[in-house]
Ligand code: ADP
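This document opens with one chain alone, in structure tokens, the form predicted alone.
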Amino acid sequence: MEKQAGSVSALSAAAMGEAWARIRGRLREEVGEVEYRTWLRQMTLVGIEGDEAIVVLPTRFLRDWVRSHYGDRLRALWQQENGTVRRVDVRVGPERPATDTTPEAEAPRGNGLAEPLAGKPAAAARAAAADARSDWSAPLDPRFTFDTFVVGKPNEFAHACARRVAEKPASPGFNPLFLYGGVGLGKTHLMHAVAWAIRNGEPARNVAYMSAEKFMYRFIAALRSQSTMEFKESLRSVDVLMVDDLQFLIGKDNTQEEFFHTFNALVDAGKQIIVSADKSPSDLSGLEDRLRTRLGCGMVADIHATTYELRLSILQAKATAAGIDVPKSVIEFLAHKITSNVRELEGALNRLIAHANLFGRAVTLDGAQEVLHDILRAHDRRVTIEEIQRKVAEHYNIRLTDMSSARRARAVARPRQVAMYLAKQLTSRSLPEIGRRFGNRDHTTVMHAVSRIAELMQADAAFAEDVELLRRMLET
């Protein structure tokens, strides 16, 4: 400890505490409340040795995470506060602070500095860990309410189910509520809307919203810090639990098991659970059978890809809310060209509105094509497997679900093979990925479909013309 005693920075404990408080405040602003509580709140500053600030965390897992994700930013913030600090060493602690041991030099309480405790640091760390896990809910987006959700045919059933749950949580037949659909179609919006409605209508209810990824990270952190009982008690005390993007738990068996037990405990206690994913429970291969069965025992509601009419309504509503006059021709142009998801559609409109506000120009069709040239160009050359499936199903007059079903009838199997062929020709997806999109079929099935369609096109000119027509329709 001789080196430590002789190389401590001349900064007083009070000045060091103030600098550390400012650094923690900056981090909280930059990463957000949830990230801060999850990963950074348990940091304590031991002291400064020469040109190195020493920060401790209670577990190796947290230390490694903070080192890799926030280490550079911690160093930069320290250099802004004190130019003599050139490095930040993140360790597993607690340790005695590397400051003078005189009473006036002791670190003030409440600023994140490690206090010179002897024999009690582990209990303090556990208390801090439990406090950091007390707030389970991620921030809710104030824009995502039922009032701002545009209802159309593709999402009307999911919207009605969400409304019912918001009005009467844990109603028979609606617990759990499982929402599924593609990216950017409104699942998260509906979950936030339910949370806002419940909080406004019944403020006493404890509503927790989080991503499945966050659930997993917090579970692992609890395992590492040996605080799984606090984890279970905190999470199971909520009245409404919402978990977004459940597909993230595929392949993560231990986390799935914990979620399964949490699920059962909350449902048995009459608490509401709302889950979202990109596929229905039955199609989420990789989840345990018992979990898939439980997820499907309540209300399952899908959100389809947007229609042209719904995209028009969404754009008109957003333009009205922004108070910007957007010509009908521009709205129709965007609704026609950007079909992948609502998120990208809104992003394009927001860019147009920002451009108009910054330069004081009216929104025009020519201007839209110029401002959005990168989005439009990318969209022109990108064809999704979902689009291919939908277009082929319409062309051959079969159901879209037949693309991923197990039916082998020729009237279904041939269009499915055509769709696989076009997916291979028009997208950059791998054969295994294409197979997964067609009912989790093996990549060899896709290979066979591609070669079979190629053979038929060579042998049958009318069939070849039919496939080429579909290709042109998808590329334009």
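These figures come from a predicted structure and were not determined experimentally. Heads up: residue numbers just count along the shown sequence, starting at 1.
Just so you know, the form predicted in complex with the ligand exists too; it's not on screen, but the next bit is about it.
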- Would you check, heavy atoms only and a 4.5 Å threshold, whether N155 touches the ligand in the predicted bound form? yes
- Task: Spell out, yes or no, whether the shortest heavy atom distance between V342 and the ligand in the predicted bound form is within 4.5 Å.
- Result: yes
- Does at least one non-hydrogen atom of V240 fall within 4.5 angstroms of the ligand in the predicted bound form? no
- Message: When the contact criterion is heavy atoms within 4.5 Å, does Y217 count as touching the ligand in the predicted bound form?
- Response: no
- Query: Taking the partner as it appears in the predicted bound form, which of 254 to 262, 232 to 240, 321 to 329, 143 to 151 has residues with heavy atoms within 4.5 Å of the ligand?
  - Reply: 143 to 151
- So which of P281, G93, G184, G367 reaches within 4.5 angstroms of the ligand in the predicted bound form, heavy atom to heavy atom? G184
- Query: Though the ligand is not shown, can you say which of N175, T188, N82, S404 has a heavy atom within 4.5 Å of it in the predicted bound form?
  - Reply: T188
- Note on the structure: Cα of P58 vs T262, shift of 3 Å or more in the predicted bound form, relative to this form: the pair sits farther
